[in-house]
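Below, in structure tokens: the form predicted on its own, a single chain.
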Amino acid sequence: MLSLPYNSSTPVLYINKNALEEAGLDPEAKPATWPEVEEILVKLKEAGSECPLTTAWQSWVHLENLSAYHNAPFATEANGFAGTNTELAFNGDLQVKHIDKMGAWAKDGLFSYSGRRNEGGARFRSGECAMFTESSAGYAGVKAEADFPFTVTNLPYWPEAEGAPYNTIIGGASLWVMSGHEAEEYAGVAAFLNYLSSAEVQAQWHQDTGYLPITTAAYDLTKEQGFYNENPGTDVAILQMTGKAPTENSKGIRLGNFDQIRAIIDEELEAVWQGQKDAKAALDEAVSRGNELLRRFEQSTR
């Protein structure tokens, strides 16, 4: 088997410039840290916004990438890359602090939960929500539907975390080629994959969608074509992912039963947003429940 990265992305922050201006803020503001974001959220709320901030894919953005961006482990054993005997570790001080803060924002009307997937996208594109953490691939939808000027900027970080920010991690999917077919079929597959990975096709795919180019040649071609100068912020995701060499905690996550673990995380985060649990209790419970799934996966691989 072999695979080719296809729709690859990483989370960024989208900002409605009009919403900031109406709140008496600099519409060109690009808050780099979460404390800077909080200051803006308070002003937006005071100006009447009912949704200063929302998010898509809450586990991916606010735990998985949060951890990588601050060089904090999401799980032991190099986030699962070093072995199946891994245990979850996203209930550390950094993660608890971030989720606790978001829980407080939810209580105060600064953060509005939209759902487990990308339900927040429609709310941002319609102008209902002023700020939005989402995949870089959300760019195409925002550009097509939003009738307001917007900014795409880096995912914020906590400045007290030593060395932060590091790099965020990739999300998306790959095209897989399976074994067991005839040679002439693989010749056709190879030609198709060569076409898909060509600089011209990848550059167009990247520019049209907001997904990351999978080759340096496609990135260089996009620069040569002047796309980043004409569309500020569209290179943020690339620079954010490649600005620093990945660490053991920021090169990605590989865990068994990960979809089910994410569902557990969603349940526990929802309890925080609803004021039913504090952040520490919720993340401790998510880790405990998730570790049970990891042990089942480990046993299945023996």
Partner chain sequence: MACAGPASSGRPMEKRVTFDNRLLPYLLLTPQLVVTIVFFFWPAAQALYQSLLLPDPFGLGARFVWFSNFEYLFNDRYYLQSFVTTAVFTFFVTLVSMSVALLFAVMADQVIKGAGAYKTLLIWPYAVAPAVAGVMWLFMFQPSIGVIAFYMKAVGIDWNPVLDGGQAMTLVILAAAWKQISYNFLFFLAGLQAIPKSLIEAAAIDGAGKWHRFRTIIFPLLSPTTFFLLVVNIVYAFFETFGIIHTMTSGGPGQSTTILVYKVYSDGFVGQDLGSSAAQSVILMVVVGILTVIQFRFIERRVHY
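Numbering follows the first chain given and starts at 1. Keep in mind that this is a model prediction, so the values were computed, not measured.
The discussion below concerns the form predicted in complex with its partner chain, not included here.
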{"query": "One stretch from 66-74, 273-281, 29-37, 232-240 that, in the model of the complex, holds residues within 4.5 Å of its partner chain by heavy atom", "finding": "273-281"}
{"query": "Whether 113, 117 and 268 all lie within 4.5 angstroms of its partner chain in the model of the complex by heavy atom", "finding": "yes"}
{"query": "Residue contact check: residue 122 to its partner chain in the model of the complex, 4.5 Å heavy atom", "finding": "yes"}
{"query": "is_contact(residue 287, its partner chain) in the model of the complex, heavy atom dist at most 4.5 Å", "finding": "no"}
{"query": "Any non-hydrogen atom of residue 259 within 4.5 angstroms of its partner chain in the model of the complex", "finding": "yes"}
{"query": "Any non-hydrogen atom of residue 22 within 4.5 angstroms of its partner chain in the model of the complex", "finding": "no"}
{"query": "In the model of the complex: members of 59-74 within 4.5 Å of its partner chain, any heavy atom", "finding": "none"}
